[in-house]
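Presented below, as structure tokens, is a lone chain in the form predicted on its own.
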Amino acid sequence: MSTPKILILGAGYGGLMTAVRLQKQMNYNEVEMTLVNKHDYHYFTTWLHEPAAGTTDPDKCRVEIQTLLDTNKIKFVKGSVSEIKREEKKVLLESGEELTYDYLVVALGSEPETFGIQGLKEYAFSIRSINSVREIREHIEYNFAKYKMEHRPEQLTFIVGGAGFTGIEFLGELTDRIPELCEEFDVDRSLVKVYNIEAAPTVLPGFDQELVDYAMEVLTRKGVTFKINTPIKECTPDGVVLGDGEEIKSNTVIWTGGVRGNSVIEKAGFETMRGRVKVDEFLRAPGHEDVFVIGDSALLINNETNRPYPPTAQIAIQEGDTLASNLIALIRGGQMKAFVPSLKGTVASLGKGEAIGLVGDKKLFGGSAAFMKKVIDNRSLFLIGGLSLMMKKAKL
């Protein structure tokens, strides 16, 4: 019999965790494993709001993939996936290279979801990669510098669309950075305007209301003006037009209002909802016993609430761990186990020394929540790269 081929698409939290776990548990030459990723580094998506605001160096938020892999067991291919040929069990890369598989792991991550709002793709920034956050940071600094010469209010007006985790965490970092930028460029802090615009009736939808109120109070005190239950109708080169007709002029619109699964998955013919595949209990795509989908690409239903689990890094890491065990079981003739998320808690940062969190039934505020956020981040480093990665990248 030929050696089974496992092909992993994407080295985000889910894909990388699958690869790392497989290499620890598989024997040499037991399988032929290949990991494909657009970049030769993994970046911590849950940290990207920090370099976007300029409070952290972007390089702090990434690690070279090959430093985490045993290259005797896993082949790494740097490339972008252009097509998944399900019936032929092949994957085509943009370079023209063709890869075959016996088992496919789709962990291609997400793309911004614009909900059809006109102009968002063209005129708004999004926090989605190392390069995108570098662009945002440089753009913010550039507008402070330009204001000193041109004195146009829209250069100091910043709009964050969406009040989910990414939007709220970015606002915390941005409002921490603004005083430094004002001092550096000799700008009066009172001239800087920061708006958070959310179509839903609340910030952090689904979060405990007491924690939401605390978050809004902290961010309001730091200079954020909230416009809740207010959709963005259009994004233009000059700012945004709201659903009620109000126009806010701004040179900087940052969209954090949602994501969808990678478009490659839809183009491959898988049945999807907003680009995500509704997987079975073993994380398989319906009708495909050889295709597994995890991370932002997967739609996983919580049977207790009959609603999808949020596509978080915490769940993606757990999916990768379970999937690696199931792939080994398939290859060795064992029994697969159903994936059941174990939610350890949820924490959202609000800038330096401030956060909110829910760990079990315990609500955390301020410094204690900020400490727990660091614990969670450091734990994810340990799970992916062991003690060496945690010591290198740990948040202290």
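A quick note: this is a predicted structure, and the numbers were derived from the prediction, not measured. The numbering used is simple: start at 1 and walk along the sequence shown.
This protein has a second form, the form predicted in complex with a small molecule, left out of what is shown; the following refers to that one.
- Among heavy atoms of residue 19, none comes within 4.5 Å of the small molecule in the model of the complex.
- Contact between residue 60 and the small molecule in the model of the complex is not found at the 4.5 Å heavy atom cutoff.
- For residue 56, no non-hydrogen atom is located within 4.5 Å of the small molecule in the model of the complex, even though that partner is not displayed.
- Taking the partner from the other structure, the small molecule in the model of the complex has a heavy atom within 4.5 Å of a heavy atom of residue 294.
- Here the marked residues 13, 45 and 311 all reach the small molecule in the model of the complex, each with a heavy atom within 4.5 angstroms.
- Between the options 323, 171, 108, 163, the residue in contact with the small molecule in the model of the complex by a heavy atom within 4.5 angstroms is 108.
- Think of it this way: in the model of the complex, the small molecule has a heavy atom of just one of 196, 155, 262, 318 within 4.5 Å, and the residue is 262.
- With the small molecule omitted here, the record of contacts in the model of the complex names 77 to 85 of 147 to 155, 77 to 85, 284 to 292, 230 to 238, defined by a heavy atom within 4.5 Å.
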